[in-house]
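Only one chain comes next, encoded as structure tokens, the form predicted alone.
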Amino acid sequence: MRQALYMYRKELLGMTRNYQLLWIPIVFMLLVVMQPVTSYYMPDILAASGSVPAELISKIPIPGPAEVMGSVLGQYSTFGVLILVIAGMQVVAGERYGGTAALVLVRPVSSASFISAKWAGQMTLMLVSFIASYAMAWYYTALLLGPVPWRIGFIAGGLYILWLMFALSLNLLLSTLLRGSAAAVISLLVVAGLSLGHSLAPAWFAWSPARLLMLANAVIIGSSVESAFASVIMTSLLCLACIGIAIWSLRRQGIPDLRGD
């Protein structure tokens, strides 16, 4: 446990030194805050452009707070996943191929501590980025378009956090098995494939974590929602499986591991 905490502090220090804990939350905030702002000021923006008739502008409806928060969540499933996966694609691969992992694991540090610290660091980065940007988008939506009920906002946000947790756990596993760029590409393809598969054939992909996206969007717009318990359990198990396989794979790669053998 002490080893994992030490490695975790090392991860946070590394993220602070390369400014990941600063620029990724800022990018997230800029990405999602634009949704309520542009939705509210869109008629004014079109009027200022001078290319759209005033009669047409007056007929453009301003979306409600639930619709705008649904658009905010949609940004996390596309650009949010893309940014986090690219930022974390070298999380294990970079240290494996750079020789840092061998230098660390030759000491009495187990593979489990090494992978757990990497995973916790990635989760911290994701949570800081998501919570800061989601709170800001929520504030501007309530300020410009109307209130968003706390309960549905928290539930929808929690389901998206779990989805991002799965994407990062998968990326961590692939970063342990492959080089960084290959890990990022395959992670994005798997995540996109699950999301597309659930959109096209929801009955076949009812087991997949992508169902969380549908549940979150249904919650935020106030539609009737089936129980999310099975999806939450399945996604949590898949995250644990990714971490477990990553630990096992790191031991099998021949990197000295005094505690893991």
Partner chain sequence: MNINWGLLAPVIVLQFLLMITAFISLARAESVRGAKWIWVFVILFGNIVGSIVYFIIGRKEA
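Residue numbers count along the first chain shown, from 1. Given the structure is predicted, the values throughout are model-derived calculations rather than measurements.
Unshown form predicted together with its partner chain; subsequent notes refer to it.
A.B. asks: Quick check on this chain: which one of I131, L189, A182, L143 has a heavy atom within 4.5 Å of its partner chain in the predicted bound form?
C.D. replies: If I apply the 4.5 Å criterion carefully, the residue I get is L143.
A.B. asks: With its partner chain left out of view, choose which of V33, A228, M234, A206 has a non-hydrogen atom within 4.5 angstroms of it in the predicted bound form.
C.D. replies: So the residue touching its partner chain in the predicted bound form, by this definition, is V33.
A.B. asks: When its partner chain is placed as it is in the predicted bound form, which of 122-130, 85-93, 109-117, 157-165 ends up with heavy atoms within 4.5 Å of it?
C.D. replies: That would be stretch 85-93.
A.B. asks: Does any heavy atom of V27 come within 4.5 Å of a heavy atom of its partner chain in the predicted bound form?
C.D. replies: Yes, V27 sits close enough to its partner chain in the predicted bound form that at least one of its heavy atoms falls within 4.5 Å.
A.B. asks: Verify the contact flag for V37: yes if a non-hydrogen atom of it lies within 4.5 Å of a non-hydrogen atom of its partner chain in the predicted bound form, no if not.
C.D. replies: Result yes; V37 sits at the interface with its partner chain in the predicted bound form.
A.B. asks: Can you check whether M136 is within 4.5 Å of its partner chain in the predicted bound form, heavy atom basis?
C.D. replies: M136: contacts its partner chain in the predicted bound form.
A.B. asks: So, L13 and its partner chain: in the predicted bound form, are they within 4.5 Å at any heavy atom pair?
C.D. replies: No, L13 stays farther than 4.5 Å from its partner chain in the predicted bound form.
A.B. asks: Counting only heavy atoms, which residues in 5-24 are within 4.5 Å of its partner chain in the predicted bound form?
C.D. replies: Stretch hits, in order: N18, Y19, L22, W23.
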